[in-house]
Structures are given as C-alpha cells and as structure tokens.
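Coming up is one lone chain in structure tokens, specifically the form predicted alone.
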Amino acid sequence: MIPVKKSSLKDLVYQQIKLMISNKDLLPGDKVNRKQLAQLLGVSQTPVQDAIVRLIQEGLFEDKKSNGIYVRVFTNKDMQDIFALRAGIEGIALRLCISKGCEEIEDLFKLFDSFTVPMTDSEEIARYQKIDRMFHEQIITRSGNELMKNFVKDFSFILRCYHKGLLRHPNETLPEHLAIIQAAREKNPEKAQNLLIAHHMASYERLSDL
C-alpha cells in the first residue's frame, strides 16, 4: 500500500481506511489497531485517530469501550433498515427528477436497454449489477437535493461493501426497473415513486428470508 502524503492528510487517511473496508482489507468484526494502521499508511497516529472518530460517527466502526474499536458487523436487520430508508428517499428523489423534466435523467432511462431476460451469463449479470448500482445512485445525484445526497452517501457505501452480489436476480429486477422508467417517461411521478419504493421493499422482504 502506498504511504499517504501530507496534503489534506486527515481526509486522505479517512478515504484510505474506507478503501480498506471496501477492498476487504478490514473485515466486519476486525479489531481496529490505530498503531498498525498508522504504520501501514506511513503517518502518525493523530490523523488515524481522527479518521476512526469520523468512521464511528458514520456507523462503520463500533466503539466497544474497554474492548476497543471494531469494524461494524451489519446484520440483515441493519440492511433492511437501510433499504427501507433508501426506498423512501430515493422515491422522493425520482419524483423531483421527473418534476424537473425527464431530460434530466433521460440518459439513465437508457441504461437497461441492452439487457433482456432471461439473463444467465455471469459476465452479463456482473455488468447488470454495476448498471443497477449506477441507476439508483444517480437518481439521488440528479435530484439536485444536496441534503438528500449527503444523507444517503453512507448508505450507498454500506450497500456496496456488504452486498457485493445481487439480493435478487436480474430476471426479477429488470422488469421492475423498466416499469419505473416507463412511468417516469410518462411523466407520472406518483406511479414512478410507488414502483421504486416497491422495488426496494421487495429487497427488504428478501432479506427477511436470509
């Protein structure tokens, strides 16, 4: 790992530790060793401690007091809570996008054009997963609501890190995406919002079965 330079040191250390979580260099349940992280990143313990405090505040690390700091283990219930929050927020974000005019998100509507069901090829499913993530994250981004974007950015990171695969197969979710897009193209914000909420809540329910 390349040692962190001194420019914007606190932010760089914070981003590097988040990357370690994303890359599975730090696994859920791992104990966080501030001294080892500082040595690994080639910095003092002060910016590492700043990053740890920030990650505790964001819910990615847990402070177990006398037992130390640990990478948080997210349960299925935690993930359900995230999907429920995401359903409501993203539904509103899509409604805002539609109210501004579909040209704001027209390029998003075309993301799924190359996919058909049934989908069986593993490479195609992996490509679909990336498009799926982009579609949902960009709905929030294109809404133009900065508070909303800041509120969900940690949720997006958690979903990327802790659910590398798809909860539901593209054969199930692609028709849902296409129905959401069709409602948006018809400039029917209420229908699009309800379909998007139902889409996320189906994943919420699937987590109950895991």
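Don't overthink the numbering: it's just position in the shown sequence, from 1. It should be emphasised that the depicted structure is a prediction, and the values quoted were computed from it without experimental measurement.
The same protein also exists as the form predicted in complex with a further copy of the same chain; that form is not shown, yet it is the one meant from here on.
- The candidate spot formed by Val53, Ala84 and Asn194 lies fully in contact with a further copy of the same chain in the predicted bound form, as each residue has a heavy atom within 4.5 Å of it.
- Contact annotation for Leu27: none of its heavy atoms lies within 4.5 Å of a further copy of the same chain in the predicted bound form.
- Using a 4.5 angstroms threshold between heavy atoms, Asp154 counts as touching a further copy of the same chain in the predicted bound form.
- Contact annotation: Glu62 falls outside 4.5 Å of a further copy of the same chain in the predicted bound form, judged by heavy atom distances.
- Heavy atoms of Asp11 reach within 4.5 Å of a further copy of the same chain in the predicted bound form, making it an interface residue.
- Only one of 180-188, 167-175, 141-149, 36-44 places residue heavy atoms within 4.5 angstroms of a further copy of the same chain in the predicted bound form, namely 141-149.
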